[in-house]
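As structure tokens, one chain now follows by itself in the form predicted alone.
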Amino acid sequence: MKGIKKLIPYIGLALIILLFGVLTQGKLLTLRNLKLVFNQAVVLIIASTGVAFVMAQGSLDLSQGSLLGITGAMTATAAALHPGLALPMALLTGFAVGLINGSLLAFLKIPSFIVTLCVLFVLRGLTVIATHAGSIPVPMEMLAFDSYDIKVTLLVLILAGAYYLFNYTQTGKGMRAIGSGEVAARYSGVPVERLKVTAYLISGTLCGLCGWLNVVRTGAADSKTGLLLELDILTALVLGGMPLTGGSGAKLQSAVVGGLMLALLGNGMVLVGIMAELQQAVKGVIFLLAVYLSFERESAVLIK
């Protein structure tokens, strides 16, 4: 049964490709459309990769959408001074928010759901203020970074580094140990607080990079950038087979498989003419089904 569960995400990905490949009469799989899907998926996959480290511990990060928004605003503001400042500012912003999230969870013992939900509201408000409820354009030369070569290179490097960290280092193993049982992990010598902060630093920094990628793609930072991204990330990870409780069942490839599934699903629904409101309803039903199929009831615990 467990073997079949592991295959469900891949079966789901194949079914989505087959279904929309037929419904769109092959338009889904044209080179032009696949490039569009990649553009939609790259930010989601990178952000989901960061959140995978958090979810491996049995925690959540609901601040990602607002973090993408404030990162975009800070990136555009820095770019107005000098384009070379844009990427460092994006990474620094993400790192700082990750540090705040991780510290509040690890040292003040506030549940991750509450911490990141509060940070979501704070950052969304700051984004509206920073953008004056509108948008901030970036210098035209920054648009040169919106290339497939750069995106593919970044994605490969990030996935390779994250995969090694997640699967072959004490850091990754310790994070999964926390998800399996925090008390047992602590008694085993796992530095619980340090790893909790580290997970959010990874999550925040990668989301900061996504903020930069989004700005160079759109040419501006907008007050509404990143709305509901955190839910797309959560949906993608669960669709990809990531257990909500984390632990030994956490797999980094969930970010890739789930991100591709969600991007192809969204693109396919657009191609067949499904209304945006109905698309959200479809995603909600699919997320509920994915949770039902993947949730490990025998080991269920409260979100940390």
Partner chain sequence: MRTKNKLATALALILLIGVLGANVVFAEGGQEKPYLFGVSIWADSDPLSKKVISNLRYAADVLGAKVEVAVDGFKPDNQVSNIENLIARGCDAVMICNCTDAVVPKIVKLAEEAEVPLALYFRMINDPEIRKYAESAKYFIGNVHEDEIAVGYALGTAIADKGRKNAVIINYNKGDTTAGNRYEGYKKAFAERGVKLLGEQWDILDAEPAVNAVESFIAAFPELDAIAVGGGGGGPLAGTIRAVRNHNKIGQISITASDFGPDIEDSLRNQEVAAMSGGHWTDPFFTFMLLYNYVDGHPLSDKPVTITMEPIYLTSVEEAQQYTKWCMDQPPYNEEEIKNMTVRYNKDFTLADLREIAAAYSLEDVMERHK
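In this text the structure is predicted, and so the values were computed from the model without any measurement. Positions refer to the first chain, counted from 1.
One more form of this protein, predicted together with the partner chain, exists but is not displayed; see below.
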Note: exactly one of Ala160, Val152, Ala133, Leu81 sits with a heavy atom within 4.5 Å of the partner chain in the predicted bound form, namely Ala133
Would you please decide whether Val270 lies within 4.5 angstroms of the partner chain in the predicted bound form, comparing each non-hydrogen atom pair?
yes
Indicate whether the partner chain has at least one heavy atom within 4.5 Å of a heavy atom of Gly226 in the predicted bound form.
yes
So in the predicted bound form, does Leu34 come within 4.5 Å of the partner chain, heavy atom to heavy atom?
yes
Should Ile17 be classed as touching the partner chain in the predicted bound form when contacts are defined as heavy atoms within 4.5 Å?
yes
Within 4.5 Å of the partner chain in the predicted bound form, do we find a heavy atom from each of Lys27, Leu143 and Gly219?
yes
Among 135 to 143, 176 to 184, 111 to 119, 88 to 96, which stretch has residues whose heavy atoms lie within 4.5 Å of the partner chain in the predicted bound form?
135 to 143
